[in-house]
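In the form predicted on its own, a lone chain appears below as structure tokens.
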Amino acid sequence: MWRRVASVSHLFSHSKSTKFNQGASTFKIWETFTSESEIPTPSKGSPFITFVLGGPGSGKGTQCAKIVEAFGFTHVSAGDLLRREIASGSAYGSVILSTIREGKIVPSQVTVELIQKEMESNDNYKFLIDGFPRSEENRKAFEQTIGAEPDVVLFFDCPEQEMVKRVLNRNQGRVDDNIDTIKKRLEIFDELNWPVINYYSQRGKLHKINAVGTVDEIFEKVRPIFAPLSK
């Protein structure tokens, strides 16, 4: 089990050494990722991390639920963690709320430490990090704090019109589910997320998924990526 963190005492400070950092020297970075046989086998001695990327409304959360059910991952949604912090009424929650309403990205260290806390409080060692990193700054902050790179990076590629339609139709009462904020989020995604996607593509870790179709049709494109984990 990962070491439990009692609280995030100072979200804007650098993290202390953790089990992730202690295991960083033995964490193997997989440079190539071109076939199922090359997917690294998860080990309970280090986390198996999958980043799940895509614009708002690309279906990341829905597909994460399918992956959890089929392959036993723990789903860690960056957006849900931020909304939970907002609901807590903390001072950081107020800052996060203002940032989200403006369609901007929450400071990297805030999100990374919330993710770290969630991972370390979980018995599992296979994680889907949903909606993060959203910028190169996010990516670097995660790797420096956690002490590891992702094993797999999923990118759900979806046309802008389809994403806008999905977000407006889901009507979940979220502060960022309105047309003006959605447009800002898409602009920021185009500006900041593509360097992250390109970085992991060059690292041989990226799996681009056509995110148009039914939930089951899209999942059938995802399933082969994780199939070796069932063996």
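In this text, residue numbers run from 1 along the sequence as written. Just so we're clear, the structure is a prediction, and the values are computed from it rather than from any experiment.
Note that the form predicted in complex with a small molecule isn't included here; everything after this is about it.
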- Is it the case that Pro56, Gly61 and Thr214 all touch the small molecule in the model of the complex, with a non-hydrogen atom of each within 4.5 angstroms? yes
Practice item. Find out whether any non-hydrogen atom of Arg185 is located within 4.5 angstroms of the small molecule in the model of the complex, and reply yes or no. Key: yes
message: Ile218 versus the small molecule, in the model of the complex: is there a non-hydrogen atom within 4.5 Å?
response: yes
Touches the small molecule in the model of the complex: Arg166 (any heavy atom, 4.5 Å) = yes
Residue-level contact is defined here as any heavy atom of the residue lying within 4.5 Å of the small molecule in the model of the complex; does Lys117 satisfy this criterion?
no
